[in-house]
Ligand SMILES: NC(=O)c1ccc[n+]([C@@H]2O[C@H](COP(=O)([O-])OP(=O)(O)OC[C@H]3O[C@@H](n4cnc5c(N)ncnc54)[C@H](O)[C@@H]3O)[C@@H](O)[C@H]2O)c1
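The chain that follows stands alone, in the form predicted alone, written as C-alpha cells.
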Amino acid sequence: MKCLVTGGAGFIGSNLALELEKLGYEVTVVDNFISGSENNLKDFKGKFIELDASKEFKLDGKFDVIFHQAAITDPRFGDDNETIRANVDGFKNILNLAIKNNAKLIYASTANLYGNGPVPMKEGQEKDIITAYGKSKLMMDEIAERYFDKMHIVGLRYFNVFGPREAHKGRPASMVYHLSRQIKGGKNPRIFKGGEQKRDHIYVRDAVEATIKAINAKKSCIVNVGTGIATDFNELIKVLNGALGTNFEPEYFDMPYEQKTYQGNTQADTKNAEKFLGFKAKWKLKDAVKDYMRWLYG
C-alpha cells in the first residue's frame, strides 16, 4: 500500500511515517520545513519531497492513503489570516489530490476547537473557537463533512500529544517536554498558580496507532483522539519527578495577562474513537512519561 504523509518532518507526522515504514507500507513524505525538522527523518528510508501543500503543486505517483498532518499549529504564529489560509488551502489541495487518486484521506484536526467548553469534550458539542488555528481546523472539518458520503475521510481531533520528535516545535511543544527540561536543568518546574489546570495527555505512540487505525474506520467520521483521562499539572510534575528520579516542587506564577487563547481544561470523550476506529489509548501516563524520558535523556 502506498502512503503519502504531509508534514512528515513534523512531530506526529515523522512518528507516523516511521511507523508506517516499519509496518511495511511504501511511504512518501512531503514537508516545507517551515516548522518541521530534517532531524526527525534521519531514520526514514522512503521518498521525501520538499513542497508547500498550501500552494499549487504537482505530485507524480499513485497513493492509496493520504495522511494530512501539515499545518501551522502554533496559536501564537502571529498572522491569523495566514494560519487560516495556509491550513484551509492546504486541506483543499490535499482533498483534491485524494479525490484524484481515489485515496483514503486521514487528516489532523484538533481539540483546540473545543476551547473552554464543557468536559469531557464530545465531537458534537458547541465549539468555542479561541484561536485562528482552531478556526482553521473547524473550517476543515466542515469541508470534510460534505464528503462523508463520497469518499473515505477521517478527521482526528488530537488532544495534548507528547513524545519523541517534538523538541523542534519550541514553545508549542508539550508541557511534558518543557517541564522535563526545566527539571533536568536543575530548576523548579514553573506552572500557572494553583497548578489545577488539567490536560488529556496522550502519548504520540497512541496517537499514531489511532491514525493508522483510521485507514479501516467503519465509516467516514471526525473523532477525538485522547485518553479520556485529565491530569492536572501538579500531578504531572509528580509523574515527571518519578520518571527522572528527582524531587522538585512546582514554582507557581500568575498568568501574565488574560489569555483568551488558553484552554483551562481538556479531556476527550473517547466513545466515537472506540466505536468507529476500534481505538483505545494503551499507554498510561506514568509509563508513557517514563518511556519518553528514556528516549530524551537515556
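Here the structure is a predicted model, which means the values were calculated and not measured. Residue indices: 1-based, along the sequence shown.
What comes next is about the form predicted in complex with the ligand, which does not appear here.
Out of the listed residues 277, 12, 288, 281, 12 is the one that sits within 4.5 Å of the ligand in the predicted complex by at least one heavy atom. For residue 253, no non-hydrogen atom is located within 4.5 Å of the ligand in the predicted complex, even though that partner is not displayed. Of the heavy atoms in residue 53, some are within 4.5 Å of the ligand in the predicted complex. In the predicted complex, at least one heavy atom of residue 35 sits within 4.5 Å of the ligand.
Contact check for residue 70: a non-hydrogen atom falls within 4.5 Å of the ligand in the predicted complex. By the 4.5 Å heavy atom rule, the three marked residues 108, 158 and 169 all count as contacting the ligand in the predicted complex. Contact with the ligand in the predicted complex, defined as any heavy atom within 4.5 Å, is confined among 187 to 195, 144 to 152, 213 to 221, 109 to 117 to 109 to 117.
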